[in-house]
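Only one chain is given next, in structure tokens, and it is the form predicted on its own.
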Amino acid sequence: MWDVVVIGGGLAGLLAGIRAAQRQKKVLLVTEGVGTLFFFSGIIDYGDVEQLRLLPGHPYQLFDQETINRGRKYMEQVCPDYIDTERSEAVLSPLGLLRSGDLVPKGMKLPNLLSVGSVVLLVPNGLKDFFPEIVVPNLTNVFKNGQIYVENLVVEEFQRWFELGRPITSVDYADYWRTQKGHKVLKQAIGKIKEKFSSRLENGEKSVVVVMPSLVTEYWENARRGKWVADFPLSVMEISSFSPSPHGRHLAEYLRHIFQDLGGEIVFGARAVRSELEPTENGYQRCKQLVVQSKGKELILKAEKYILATGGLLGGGIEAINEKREIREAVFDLPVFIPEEWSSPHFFEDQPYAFAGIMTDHQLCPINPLTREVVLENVYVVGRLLAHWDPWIQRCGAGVSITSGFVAGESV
């Protein structure tokens, strides 16, 4: 018998599990796949919280400002390499453009532009999802007072891949840099760059900054399994990544390690297929047990409380039944809020279907959209599965996931 079963291994589910485990709860997390964190750029956006809290039904309405701030501070405590300056920070997009983020890794933080004399873009060979011919002109616009240089880095381990036409992604390079040999290769390359600029630096020229993709330094010093400290001879700034993102992958890895170090257990490749309910003394219903399919077998999981973090339409938490816009929640068959209009004919406009999801009370227990009555009193809904918001247009996906995951972990 578990105290808590978390269904889903994305940002909301992992944070909920970590917070519950910190509170001495016996927690099991079941996840079918890698989760949407693999598509996470590494930059945490909260959106315009004050304005979003004014929108009807938006998840931020479930929490007061103090709770939202506590969740934000909690994320910083769990991942201390994230900087919370209580204002947006400027970072570089995968194309070298400026964009802002509410919580950003230290390795992505933009330096004081006035102090930078030279910017060296370090380009690993054969990198499929990086485009230096586009990045360089954009860096010129960002570092207006600096000179932009390009250095190509040939890595022997990937040269054979390159010759065979095998794609080399940011994830491949990020994994390599995190090995002892990869770190040594990168440190030597940056050392050679420093040698080239040594006379300028000795003559008082402004600082030299190395800009590169696929680095992911933010978890090196804090992950438990022997990561290499980024002791480079020059300041290095990372560029955020396209999906699938090495930053998201390593954040997921890091959070799983934290969860397991706290005593939490994880079952991978497990799909929750149905639940069995029972009535309560106050006339509501509660989940008695959960049925999970794993490796061709059905497992029965019993817990006092359940946290549902399976995602929305794209994540599989909500399933389309047919072509008539009929959808259902996949685990507990919870009543789903469905907007009157399903889609907009204009691609870049708000798409109403994004607002489909599960409505909850302030404790995150699911409610019926029509009667507003609690449906299951020992189930908590978090993250993308919540109704009445659009994480892409409103740029608040991570903020809602962090806040709701933190609150659920505090509540169970």
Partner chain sequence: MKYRDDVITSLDTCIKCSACTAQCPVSKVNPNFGGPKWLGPDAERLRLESGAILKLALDDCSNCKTCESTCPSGVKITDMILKARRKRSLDQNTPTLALKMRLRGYVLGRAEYLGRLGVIWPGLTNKVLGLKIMRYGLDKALGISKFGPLPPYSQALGIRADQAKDGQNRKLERKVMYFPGCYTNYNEPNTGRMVIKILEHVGYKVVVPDFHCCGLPLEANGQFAKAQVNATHNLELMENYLQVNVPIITSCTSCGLTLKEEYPKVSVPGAERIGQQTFDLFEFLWSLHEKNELPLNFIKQEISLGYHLPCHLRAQGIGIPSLRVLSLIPGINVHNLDVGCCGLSGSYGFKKEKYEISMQIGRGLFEATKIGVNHGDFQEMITECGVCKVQIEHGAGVPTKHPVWILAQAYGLA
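The structure displayed is predicted, hence computed values, not measured ones. Residue numbers count along the first chain shown, from 1.
This protein has a second form, the form predicted in complex with its partner chain, left out of what is shown; the following refers to that one.
J.: Is every one of Arg70, Tyr82 and Tyr353 within 4.5 Å of its partner chain in the predicted complex, counting heavy atoms?
T.: Not a single residue of the candidate spot has a heavy atom within 4.5 Å of its partner chain in the predicted complex.
J.: What stretch, of 381-389, 359-367, 46-54, 28-36, brings heavy atoms to within 4.5 Å of its partner chain in the predicted complex?
T.: Checking each option against the 4.5 Å cut-off leaves 28-36.
J.: Between the options Phe197, Phe268, Phe337, Tyr149, which residue brings a heavy atom to within 4.5 Å of its partner chain in the predicted complex?
T.: Contact residue from the list: Phe268.
J.: Using a 4.5 Å heavy atom cut-off, which residue among Val185, Val171, Val120, Leu92 comes into contact with its partner chain in the predicted complex?
T.: Checking each option against its partner chain in the predicted complex, the one that comes within 4.5 Å is Val171.
J.: Arg286 versus its partner chain, in the predicted complex: is there a non-hydrogen atom within 4.5 Å?
T.: Flag for Arg286 set to no.
J.: Considering only heavy atoms, tell me if Val142 and its partner chain come within 4.5 Å of each other in the predicted complex.
T.: Looking in the predicted complex, residue contacts with its partner chain do not include Val142, since no heavy atom lies within 4.5 Å.
J.: Check whether Ser243 has any heavy atom within 4.5 Å of a heavy atom of its partner chain in the predicted complex, and answer yes or no.
T.: Close contact exists here: in the predicted complex, Ser243 approaches its partner chain to within 4.5 Å, heavy atoms only.
J.: Decide whether Val136 counts as a contact residue for its partner chain in the predicted complex under a heavy atom distance cut-off of 4.5 Å.
T.: Result no; Val136 lies far from its partner chain in the predicted complex.
J.: Pull the contact list for 289-315: residues with a heavy atom within 4.5 Å of its partner chain in the predicted complex, in sequence order.
T.: Contacting residues: Ser294, Lys295, Gly296, Lys297, Leu299, Leu314, Gly315.
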